[in-house]
Ligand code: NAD
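First, one chain by itself in structure tokens, the form predicted alone.
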Amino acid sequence: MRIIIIGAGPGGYETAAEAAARGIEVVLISEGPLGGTCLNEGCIPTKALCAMDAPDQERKREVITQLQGGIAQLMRNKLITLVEGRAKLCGGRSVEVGGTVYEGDAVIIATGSVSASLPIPGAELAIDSAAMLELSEVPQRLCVIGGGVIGLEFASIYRKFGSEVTVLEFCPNVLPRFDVDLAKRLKAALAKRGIAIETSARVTAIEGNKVLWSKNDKPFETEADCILMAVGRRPNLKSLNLDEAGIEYTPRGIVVDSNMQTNVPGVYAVGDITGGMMLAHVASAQGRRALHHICGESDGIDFSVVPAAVFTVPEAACVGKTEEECEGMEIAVGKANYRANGKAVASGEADGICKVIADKASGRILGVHILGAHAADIIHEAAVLIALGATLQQARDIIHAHPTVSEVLFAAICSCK
């Protein structure tokens, strides 16, 4: 069997490695560097910046190069053929790269996404997240258009570096897909650190070093030395030849079924290109789902239970349902403050809260939302509990080590009524 995979981000190279481990021949096509957006201009370099006190391009490149080397080593498998270039679908399960046509038993499209931009005058005067990562100097004034994950992470990083930061978010709250209670608390926490955040702000234009915006029909302007456009990402649909290949798609992405298969039998799409949850770990899981289907297998991957994290200061993380998504349900809600956690207080990280949502009748845990130190790590215990259908009582019976910050989750579970 031969599988052609287009794209070498997490959804591509991890699937290639697993397929090869099963004895399947793989042609992995990559137009850009190994690791895709996540490694080269997304998740990893931003986390490198989080650990710095000032932009250090040399250190950032060291991190990327080291991890790229690890992927390259993983791809040094006799069953994997790495092809560099732009892929073009030829119909069926054929893919052309630089004049050479590759035939496969299945094709997996994993070409990711690109930065989105507002259709406003002067939008070209703003930079995107990739360009932001290349800055060597700290701007005195930074204006971030967009209060989602990308925007808030950069706002937090550059505030630490010393920038005066203003965030303009169109929605009523930052992190629009997160629990509103958590989002409001994060906004307040960032404001304490000196980050000015305006919600319900409609950006209308960029003129020179000024961002023009309105709120409640009143005009405002914000001057900045650097303007970051962080209004999300959109599927990288260009150049794939989708129309000629007969693959159904919309502006939101390639249309797939629950097995990640497109309307063309044997052709799959995973990750950001499908327009769903644009997270590296979701792309990896979708790649596994597609591979399992190709191999005639089933799995128990639950795509309704996906942890997400925001690496601001403090961190924010969530999994499962928000309280807003539970509207109309009888639920129990429990909360625990970091300031009551011994390890958090001893470590000087007492700013935070954990919120647990459960079904009142069954006691089954539905959602967990954490704001505070190590939230991105603690959330995975919650993900396991939700994925396994655990109840509050079952979770209360689990012993937690003391003193640990993870006890904040246990405390929230115990307070859930």
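Sequential numbering from 1, following the sequence displayed. Note that the structure is predicted; figures quoted are calculated from it, not measured.
What comes next is about the form predicted in complex with the ligand, which does not appear here.
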item: 153, 170 and 309 each touching the ligand in the model of the complex (heavy atom, 4.5 Å); value: yes
item: Partner-contacting position among 126, 89, 197, 231 - heavy atom within 4.5 Å of the ligand in the model of the complex; value: 231
item: One residue of 183, 107, 318, 145 in contact with the ligand, assessed in the model of the complex (non-hydrogen atom, 4.5 angstroms); value: 145
item: Any non-hydrogen atom of residue 278 within 4.5 angstroms of the ligand in the model of the complex; value: yes
item: Residue 149, heavy atom within 4.5 angstroms of the ligand in the model of the complex; value: yes
item: 4.5 Å heavy atom contact, residue 133 to the ligand in the model of the complex; value: no
item: Partner proximity in the model of the complex: residue 252 to the ligand, non-hydrogen atom cutoff 4.5 Å; value: no
item: Candidate stretches 334 to 342, 223 to 231, 92 to 100, 287 to 295, one within 4.5 Å of the ligand in the model of the complex by heavy atom; value: 223 to 231
item: Residues in 177 to 205 with any heavy atom within 4.5 Å of the ligand in the model of the complex; value: 177, 201, 203
